[in-house]
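Below sits a lone chain in structure tokens, taken as the form predicted on its own.
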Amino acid sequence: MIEFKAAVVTAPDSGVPILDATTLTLSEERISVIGANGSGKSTLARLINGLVLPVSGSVEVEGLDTMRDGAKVRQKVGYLFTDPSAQLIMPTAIEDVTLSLRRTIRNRDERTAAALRALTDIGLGQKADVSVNALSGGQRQLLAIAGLLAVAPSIIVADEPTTLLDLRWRAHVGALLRSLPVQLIEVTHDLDSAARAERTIVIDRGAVVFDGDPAEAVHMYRDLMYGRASQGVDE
């Protein structure tokens, strides 16, 4: 359960509003978030694991406040970035997953074995000792997911996880994320993927403008964008 309680975000230097007071209870297993670039959807996503903190109001994850209990929240919430390079920092695939396990498994051999299992489970077992830089974009995103799953989060926030992938990898990574036994919050420009969720939230200019049925949300968002385009309004 994720609860936004009148959470407000402003730009640190200027105080310009980025996300208006937002109150939401997110309990469904598959939730998508859509909106134009700069609308505030990534800010909403980053509030969930404390990458961004509200200037007023609060965000709670399974009863934990992101401001007071940030470290505990991040144990429960895995965050998947658009570009896996933002979270892959070790030279090889197995070293990167092993790093994710450093706090939960103290024994080195056990940690390595657990990392190899995580890679095998996601289809990268044969790439364990391969340089991260030698992996394809899709394989790097799988590696980033393996690193998250290794520490058993109950929630994954995926921030445009397939934007940089080709069509084949986009389908594979999207299907994999939807199959995981965790709560998935997916921020996406892929409206087909968004429509597969149980619930879709539309963000526009820092505010939630729709929250409900995915098909209705996509239709509303398209009408909003087409209307702006016809009026020559820049985003």
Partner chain sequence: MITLLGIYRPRDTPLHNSSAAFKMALLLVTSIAAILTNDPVSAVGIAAACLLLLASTTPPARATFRGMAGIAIIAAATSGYQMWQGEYFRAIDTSADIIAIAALALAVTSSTPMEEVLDLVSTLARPLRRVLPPETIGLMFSMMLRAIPEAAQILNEARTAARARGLERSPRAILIPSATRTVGFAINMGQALHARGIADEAAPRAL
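Keep in mind that this is a model prediction, so the values were computed, not measured. Residue numbers count along the first chain shown, from 1.
The form predicted together with its partner chain is left out here; the points below concern that form.
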Check your understanding: Within 4.5 Å of its partner chain in the predicted bound form: all of D96, R106 and D129, by heavy atom?
Key -> yes
Check your understanding: So which stretch, 197-205, 41-49, 175-183, 27-35, is the one near its partner chain in the predicted bound form (non-hydrogen atoms, 4.5 Å)?
Key -> 41-49
Practice item. State yes or no: in the predicted bound form, is some non-hydrogen atom of S136 no more than 4.5 angstroms from a non-hydrogen atom of its partner chain? Key: no
Review point. Is the gap between P91 and its partner chain in the predicted bound form 4.5 Å or less for some heavy atom pair?
Key: yes
Review point. Looking at the partner-bound form in the predicted bound form, is L124 within 4.5 Å of its partner chain by any heavy atom?
Key: no
Review point. Is R102 a contact residue for its partner chain in the predicted bound form, using a 4.5 Å heavy atom cut-off?
Key: yes
